[in-house]
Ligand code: SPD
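Taking the form predicted alone, here's one chain by itself in structure tokens.
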């Protein structure tokens, strides 16, 4: 009799749970440390859903994952040239801006820049923009070496036999830095430009321990790495917790990029994807996210809500004189293979 009662209870419990509406799942692929966890949790609660978040360390890794994965992602955060690549591969859903009530919060100037990789802003919503520089451990790197604030620091004799440099796992950023150091535009694929970049990279590579877009955030503070090529927002997140670490934007200029939010054509939850993007575009939410990531926001209404201390920080929002020396990384079509070849040669040395 007791066994029958337990069986009835179990059946009743199963019936109760089977009657509960199942939560929708939004599959998101993003860079690491690029979304405030509290915002993620609040969106899940407000929309009775679950966000399955996976991360990547390079655009190339992201694209490979999307093309090879059996899982259909809904929302992805590619950088500019990869928005173009993904569109050419017919991976992106055209935006229905009527479903984005907060789209008007975006800065028209940023939207105009984004048209260089997304004509008419048809497929991508600007998420953050930023610059790439050098982060270093002040205990090990002398200030007189850093004083020049130049990419050329990486070829100084100080580094001989030390093997304490890391660079990003990103061909465009690494080869681009060498091109800028040599006085070229990082989009220049002419033979003289690439030959100069290859020569510079060969001298840098003698002391590069790895190409990685994430580990430097721990390795520079603990002294495993002394200087690392770094995205400005990531670097500022590290600086906030480590007084012994500093960061600078090289005087010659830097690459300037815009990361965007896109919806994949293969998404099975497009309505939820639109709600998520619109949630991120809300001015207060975008402000919170910008404070968490330390990246410059393309959301004009959110920018207006930021503290003056943040808006006046030249490592987040450089002045126009410095921005004039920076370069948007453009889509290069088949020519990008020439840059990739140099990068792969350096990585395998």
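Numbering follows the first chain given and starts at 1. Just so it is clear, the structure is predicted and the values come from calculations on it, not from any experiment.
Omitted here: the form predicted together with spermidine. The next part is about that form.
Of the candidate stretches 320-328, 298-306, 31-39, 284-292, only 31-39 has residues whose heavy atoms lie within 4.5 Å of spermidine in the model of the complex.
For the chain shown alone, residue 137 is not a contact residue for spermidine in the model of the complex, no non-hydrogen atom being within 4.5 angstroms.
Put simply, residue 274 is far from spermidine in the model of the complex: not one heavy atom of it is within 4.5 Å. In the model of the complex, at least one heavy atom of residue 257 sits within 4.5 Å of a heavy atom of spermidine. Interface membership of residue 173, defined by any non-hydrogen atom within 4.5 Å of spermidine in the model of the complex, is confirmed. Scanning 166, 84, 79, 181 against spermidine in the model of the complex with a 4.5 Å heavy atom cut-off leaves one residue, 79.
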